[in-house]
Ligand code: C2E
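Take a look at this one chain, the form predicted alone, written out in structure tokens.
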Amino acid sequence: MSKGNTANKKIYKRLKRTGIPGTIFSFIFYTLLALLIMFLTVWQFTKYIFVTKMEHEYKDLQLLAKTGVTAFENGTAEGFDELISLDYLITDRSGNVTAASGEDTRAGVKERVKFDIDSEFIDIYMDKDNIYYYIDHDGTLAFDFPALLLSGRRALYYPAPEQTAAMQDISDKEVKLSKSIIYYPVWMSVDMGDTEQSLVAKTFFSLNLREFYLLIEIAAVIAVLIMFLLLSMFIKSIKNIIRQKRTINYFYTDTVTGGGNWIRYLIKGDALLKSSWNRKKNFAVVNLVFVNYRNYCICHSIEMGEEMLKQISGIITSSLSKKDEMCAHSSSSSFALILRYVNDEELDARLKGLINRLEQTGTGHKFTFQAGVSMIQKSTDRNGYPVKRKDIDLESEYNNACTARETLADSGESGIAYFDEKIVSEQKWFEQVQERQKKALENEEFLVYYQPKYDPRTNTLKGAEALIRWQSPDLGFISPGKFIPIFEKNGFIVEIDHYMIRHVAADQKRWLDAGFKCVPVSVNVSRAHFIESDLAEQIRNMIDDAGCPHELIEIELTESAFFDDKKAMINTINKLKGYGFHVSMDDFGSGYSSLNSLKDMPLDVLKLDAEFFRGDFTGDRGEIVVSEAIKLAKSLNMKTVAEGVEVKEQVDFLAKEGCDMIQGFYFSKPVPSSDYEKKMGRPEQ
């Protein structure tokens, strides 16, 4: 995957990670944290009240403990009972009870509390029955909901003292607390001096109505603050979710069609193909191109062209399964699709139906669409069971689909092309040629072959055309049709032009010095070269460096070159003629502007395309066209060369019509320079 698309994936993952799931998780986390803070705050405040209250009880018990030491030393435990109105125990250091008054109702659960008045921790025991007393300040029965709320066990309720005899048994200590809304029995241990004994007494934690309300008010304030915080967080989370969804939608949306864009296609499509749910399904990656888009924009406007793309996107999307198929506007006039299919025939029929439907989109226009397809079949393990596509690369598959579609590009008609092994072989060959081309030039692996041109009336040599061949050490002998199109596509053809001009000029100079009867040799110059304003000077300098006379070199241009910059072409031709070179037009008749080219270009030689002489040439129409072309050339003071002539009847006809030269297998195929020397001959001594 390209660096740009990898970066897009990282951006998406970062958005997704901080998007809706992250927002929900954050909200839940902070909600729990806020509730925990609220609980801990209320708990700590309650604990503070408890400790503060119990400090007073602890002081009282300390005084009683001192009195108890004296009483027990004097053997007056009975007097101690008169001093203390609480149930109590006397324990030794091991916790064994040595004396007691009242029932031991300790729960056995000991907690350690540290009061401010003492640096030591104090042992506190919960009461076994965990009894709560709720008595209103006026002596009536208190509201019982707090008991249910605060008690985890059971609660005993006592009405006003005058209403029951049970209250008469409550001690003075309990009566003193009767104005409290709640009091709670707690056993507290106090050391009895140096006697190694402890007084463990049943005292009470009390909370009056004002304190209870204060506790409730603080808890309520904290709860309100927490709820406000949570509400703010909830609103912020909702806004964040909406913002994240809008961001992702913007990240995924094509600005022209309003549908999915290339980024969405790569990210979602990659997940679709790799999904475990889809491992049993076959998919096709499709590059669908609206061939007429640029022409439509020229005839109408870019705005109307984009509106047409939007309609096309809608038609394609309506034909897809929303669950496991996709469409995205990938570039100017291209759409990227992922289709599910059962077999090849079903996929082909579906694509043809879609293209036929799209062709009807434009009213008054003939629209054409071309599709390239890369088919992805289900992957299986060694036992034949479908497995997840872990290593699939959607971008590479789409590139394969584009490669298949490019095989249709020159036709201009609607069609479907499938990526197959033939295309793979062609791509591998393309790479092999590109890898070797520079080294081949440096090592002079390219050979110059010469195909003679003969006068059909006298059978004498009048000229030749220089043609290139490639003798590769590892690829073998390669004909030009297998590498020249690649060089034209990648621009290396310019280097080949230079190579051929230098070698032909050097050969002509060598033959001239050796006394051969040299005739003009034509060398092809590609259309890519004519973007250079100093082309004529480059050619002149290369031939002068070889010391070759200019009249022995003919510069041959293909007719397609005349469709480029006409003004620059005419300027270059005039310069070449001014330097003494002959200029010819190759493949006359293969294009659509031949006559117009002849009208404007000051050419010396006209080469009739070989297609004139293939098939049944002897028909009246074919002979008339060739005859008139020869007459036209003569009228323009141009010589004519007929290419591809293979039979005697054609030679005889051309001789009769006054064709100046014939180049074809009838006289000679292209031959190496050593064989061409034999055809030239030496002048008589």
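Model, not experiment: these values are computed from the prediction. A residue's number is simply how far along the shown sequence it sits, counting from 1.
A second form of this protein, the form predicted in complex with the ligand, is not displayed here; the remarks below concern that form.
This chain is displayed alone, yet in the predicted complex one of Glu554, Asp497, Asp507, Glu397 has a heavy atom within 4.5 Å of the ligand; that residue is Asp497. In summary, among the residues Ala201, Ala328, Ile493, Val605, the only one with a non-hydrogen atom within 4.5 Å of the ligand in the predicted complex is Ile493. When contacts are judged by a 4.5 Å heavy atom cut-off, Gly644 counts as touching the ligand in the predicted complex. At least one heavy atom of Ser526 is located within 4.5 Å of the ligand in the predicted complex. The ligand is not shown here, and in the predicted complex it never comes within 4.5 Å of any heavy atom of Arg357. In the predicted complex, the ligand stays beyond 4.5 Å of every heavy atom belonging to Ala371. Stretch-level contact analysis of 497-505, 225-233, 374-382, 399-407 against the ligand in the predicted complex, using heavy atoms and a 4.5 Å limit, identifies 497-505. For the stretch 438-458, the set of residues having any non-hydrogen atom within 4.5 angstroms of the ligand in the predicted complex comprises only Gln451.
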